[in-house]
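In the form predicted on its own, a lone chain appears below as structure tokens.
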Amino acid sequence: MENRKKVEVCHTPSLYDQYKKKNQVVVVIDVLRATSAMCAAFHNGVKKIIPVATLEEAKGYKDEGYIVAAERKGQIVEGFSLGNSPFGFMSGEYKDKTIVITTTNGTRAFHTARDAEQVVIGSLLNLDALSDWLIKQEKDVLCLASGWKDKFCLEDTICAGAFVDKLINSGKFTTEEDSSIAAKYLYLSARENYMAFLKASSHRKRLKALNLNEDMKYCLTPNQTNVIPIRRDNYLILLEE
């Protein structure tokens, strides 16, 4: 019991400094839709993803000839052909390609955790595969929810709670933060029907207004892939075990 590792939840990037510690795996979560899109991209053959925090950086990469996906406020940024819809990466045309991506929340969270020893990308899509891998690492885990413009976000917290629940149920992890306990119980309340539970959530309303219901249904359907995107330097590749 004494050797159990900690799994905790940080609800927004602005709180990251209060939760970070050495020798910790950080799981960046942006369910609707950045980290779900990243998992979908790797599942469909993308070789490498470079997350950038600003549109200026994204435009710089575009000028250099890179394929760039850019999203702000749920929509594709003018002048770019891709946003953060998972369906944008499913055609097969990006197989073995490098994609640069910038989003409202998810890529910011990725860069917030730049000092972490290990960073992986989590979503409901790769929930079981990533949970199994985290259990094997025998390291403390911090689930970093991207939130919405640095505010609490329900769907990211629910996903973080799913990871907390699975890791604690392994018998190898424990938790001590109220943020983690709250996330776990939100997940347990939501898991029978994520769409219904999130009906009143701000981001579901935002995406529904943009006619993105299919994106939401896809992102809220667990275990559609076994991919684990992992950071190398300032970019992401597929973890090969």
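Since this is a predicted model, take the numbers as computed values, not measurements. For every residue, the number given is its place in the sequence shown, counted from 1.
A second form of this protein, the form predicted in complex with another copy of the chain, is not displayed here; the remarks below concern that form.
- Residues within 4.5 angstroms of another copy of the chain in the predicted bound form, judged by any non-hydrogen atom, belong to 151-159 and to none of the other stretches in 74-82, 151-159, 112-120, 125-133.
- Site annotation in the predicted bound form: the residue of 67, 188, 181, 55 reaching within 4.5 Å of another copy of the chain with a heavy atom is 181.
- Note on the partner interface in the predicted bound form: the residue among 15, 25, 220, 227 having a heavy atom within 4.5 angstroms of another copy of the chain is 15.
- Another copy of the chain in the predicted bound form is approached by residue 197, whose closest heavy atom lies within 4.5 angstroms of it.
- Within this chain, residue 11 lines the site of another copy of the chain in the predicted bound form, having a heavy atom no more than 4.5 Å away.
- By the criterion of a heavy atom within 4.5 Å, residue 44 is excluded from the residues contacting another copy of the chain in the predicted bound form.
- Another copy of the chain in the predicted bound form comes within 4.5 Å of no heavy atom belonging to residue 213.
- For a residue to qualify, one of its non-hydrogen atoms must sit within 4.5 Å of another copy of the chain in the predicted bound form; all three of 19, 177 and 202 qualify.
- Looking at 92-126, no residue comes within 4.5 Å of another copy of the chain in the predicted bound form, counting any heavy atom.
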